[in-house]
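As structure tokens, one chain now follows by itself in the form predicted on its own.
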């Protein structure tokens, strides 16, 4: 299965949550074996998620969370390939 950069960015959250199908996991492994930009993207996403998870709960108001989700969704719709 061949996965494009765009498809990988759409599957990134499912990858982080461990809910990918076997075919998607294989496609991502193959894609990451040659695409340094997507490897970097996933590494940065992991760092961001880990950094946010380390923040105390009171640091992330509903407004901040909503803003971050909106920004992530807008980037997810228009990834650069």
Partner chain sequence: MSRVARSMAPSHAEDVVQETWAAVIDGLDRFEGRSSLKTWVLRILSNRAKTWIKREKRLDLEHIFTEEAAVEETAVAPERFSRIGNWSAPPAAWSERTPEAIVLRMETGMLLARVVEELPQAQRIVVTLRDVEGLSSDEVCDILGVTEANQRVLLHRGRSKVRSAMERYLSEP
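Residue numbers count along the first chain shown, from 1. Remember, predicted model here, so these are calculated numbers, not experimental data. The term rigid core refers to the maximal set of C-alpha atoms that superpose within 1.5 Å between the two forms.
Only in words, not in the display: the form predicted together with the partner chain, which the text now covers.
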{"item": "In the predicted bound form, residue 1 touching the partner chain (heavy atom, 4.5 Å)", "value": "no"}
{"item": "Proximity of residue 13 to the partner chain in the predicted bound form, heavy atoms at 4.5 Å", "value": "yes"}
{"item": "Residue 62 within 4.5 Å of the partner chain in the predicted bound form, heavy atoms", "value": "no"}
{"item": "Non-hydrogen atom contact residue 45 with the partner chain in the predicted bound form at 4.5 angstroms", "value": "yes"}
{"item": "After fitting the core, residue 10 CA displacement of 2 Å or more between the shown form and the other one", "value": "no"}
{"item": "Exceeds or equals 2 Å, Cα of residue 23 between the shown form and the other one, core fit", "value": "no"}
